[in-house]
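We begin with a single chain expressed as structure tokens, specifically the form predicted alone.
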Amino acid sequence: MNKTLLHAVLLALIVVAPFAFPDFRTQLATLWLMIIVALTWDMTGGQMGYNSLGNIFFYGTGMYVAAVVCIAMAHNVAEYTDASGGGIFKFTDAQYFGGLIIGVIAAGLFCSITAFIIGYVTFGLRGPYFAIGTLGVAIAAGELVSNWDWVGGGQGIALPVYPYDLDQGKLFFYALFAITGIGLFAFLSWFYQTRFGAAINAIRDDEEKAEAMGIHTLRYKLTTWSIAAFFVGVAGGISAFQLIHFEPLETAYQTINLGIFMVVCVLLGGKGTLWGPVIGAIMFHVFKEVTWNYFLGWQWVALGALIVVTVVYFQDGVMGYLQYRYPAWFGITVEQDKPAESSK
């Protein structure tokens, strides 16, 4: 099957899926969320060699930025989030959709700028220090927001409900996540083939040599992380409207859930590959949903076991295994051992 036909089949499946499985539209939308955060994590962790544990910061920040922008366009934010207010706040359809569009775009841009600023400090760290440093940023942000009454504090913040039919709303958010995911995948398939993509791969392979070759490594690292943060922020903004209500520690800055899951998805599918995060996200999401439905009390045990097995025995992931077993599928040429030169 050639590449064009494969893409056409996949696109058809993406369009048909929410209609073929209408009871699973929310789960399918969540699957797209997993694909987006896995692809964005791989931009720095797999393609550039900087393993971040703090990308969840951009997801949570995107949720709050989108929510605040939407509310501020129609009401006073402090009065809206006042726990003792008890006021009734209504949104027209125009305010809802206008707030959603502008809020989601603002979420992406804000996260992108924030990533650029944070990167100036954290990209001075290497290896596990970078991972722990970014994790600290995410944890600190969750604690700060939970004590910030203007955005609802620990009780969280609520957004208006989708103004039309509930099933239509599920389809609407599925479409938003799917369009974002497809757009991100298409962008990365081009991005990784450019000189910029080759430069971040050089940073991953040997940063000192890349610097010696004239590559301004900090500039490339900041730009890559900012692009990744933009898409994570957009995904967070869409999630804010889909969930309607969210709070800082367990939903927005969920470091031990989505913050870890996005890393596991990439490891499961294969770091540093375009399709690896997608395949890993699908496998992990299906595994998570199956264990949730049939092994509820043991779900976290099963997820923990999956993480351990993946990290210890399956570090190259599915794509790494396939590239090793079937190199011709990926255009990899393996030189065969030449026969010993016969004696003259």
Partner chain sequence: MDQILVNLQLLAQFPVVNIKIILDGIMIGALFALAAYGLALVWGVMNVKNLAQGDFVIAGGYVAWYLAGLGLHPLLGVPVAFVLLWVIGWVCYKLVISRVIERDLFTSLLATFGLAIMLAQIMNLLFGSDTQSVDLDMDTLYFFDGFVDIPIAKLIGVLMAAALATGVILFMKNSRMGQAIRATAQDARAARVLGIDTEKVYAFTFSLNAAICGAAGAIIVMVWVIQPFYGITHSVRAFVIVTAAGLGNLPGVIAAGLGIGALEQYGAMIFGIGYQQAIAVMLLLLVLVFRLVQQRRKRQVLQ
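Residue numbers count along the first chain shown, from 1. The shown structure was predicted, so the numbers you read here are calculated from the model rather than taken from an experiment.
Unshown form predicted in complex with the partner chain; subsequent notes refer to it.
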Residue 307 within 4.5 Å of the partner chain in the predicted bound form, heavy atoms: yes
Exercise: residue 143 in contact with the partner chain in the predicted bound form, heavy atom 4.5 Å: yes
Residue 135: touches the partner chain in the predicted bound form, heavy atom cutoff 4.5 angstroms: yes
Touches the partner chain in the predicted bound form: residue 298 (any heavy atom, 4.5 Å): yes
Location of the partner chain contact in the predicted bound form, chosen stretch of 158 to 166, 194 to 202, 125 to 133, 109 to 117 [non-hydrogen atom, 4.5 Å]: 125 to 133
Listed residue that, although the partner chain is not shown, lies within 4.5 Å of it in the predicted bound form (heavy atoms), from 212, 78, 256, 186: 256
The unique member of 267, 178, 227, 100 whose heavy atoms fall within 4.5 Å of the partner chain in the predicted bound form: 267
Heavy atom contacts to the partner chain in the predicted bound form at 4.5 Å, residues of 305 to 322 in sequence order: 305, 307, 308, 311, 312, 313, 315
